[in-house]
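One chain is shown next in structure tokens, namely the form predicted on its own.
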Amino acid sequence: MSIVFEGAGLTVDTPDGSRVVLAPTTLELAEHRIAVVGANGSGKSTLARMINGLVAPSAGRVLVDGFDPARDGREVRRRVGFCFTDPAAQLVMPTCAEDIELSLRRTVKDAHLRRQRALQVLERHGLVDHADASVHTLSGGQKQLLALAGVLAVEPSVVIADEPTTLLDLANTRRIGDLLLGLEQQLVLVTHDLDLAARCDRGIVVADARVVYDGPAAAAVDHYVASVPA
């Protein structure tokens, strides 16, 4: 899967006018596991959201396998799954099984088969015992795992994870991190977890809407750490 950012500069419209998200550059993401790191407000999360059209650029463009999320939203969403920082943004149905069924509604039309598939997904992620439980009774780690399971249920080619471990304790951070890094799908990981970032194949450091380092993930983390004032 190839993801390309290109143009004289990627900008987005805001109530205060246009804001540059990425200064003029051409950036192609083709590696299996890509970490994007940077300070809060650097533009990294907005950059990630452009990949599946959650944010549309007013200048410049993003291409996912040749498709523009702004024009070909359906094709891009078939290929790209997005996992938010807070699973509450994704868990909208009353029970765990119903939430997975909602993810499957476009690809599995038969209700009985959809239920079976949902249970299989929950079994795969160790959540089948909670199939009929309210999503509100889950722990923070279980909620994030369920949100990720819903994304993976439709078998996207790319998974975008925006700070997926920020709200988790150490044990669940490791569990979610290991799951993400073990995916067959291409992973674009926006994170402040530098240990997790260093385990990726490629690292991109963003500062003030510019790519200031792009290279092996561990070296990217070292560059970022060195740039932070003592």
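Don't overthink the numbering: it's just position in the shown sequence, from 1. None of the values given here were measured: they were computed from a predicted structure.
Missing here is the form predicted in complex with a small molecule; even so, the following discussion is about that form.
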Worksheet item: Which one, 62-70, 25-33, 194-202, 42-50, holds residues whose non-hydrogen atoms are within 4.5 Å of the small molecule in the predicted bound form?
Response: 42-50
Discussion item. Can you tell me if A220 lies within 4.5 angstroms of the small molecule in the predicted bound form, counting non-hydrogen atoms only?
Written reply: no
Worksheet item: Though only this chain appears here, would V12 touch the small molecule in the predicted bound form if you measure heavy atom gaps against 4.5 Å?
Response: yes
Discussion item. Given that the small molecule is not shown alongside this chain, does R210 nevertheless sit within 4.5 Å of it in the predicted bound form, heavy atom to heavy atom?
Written reply: no
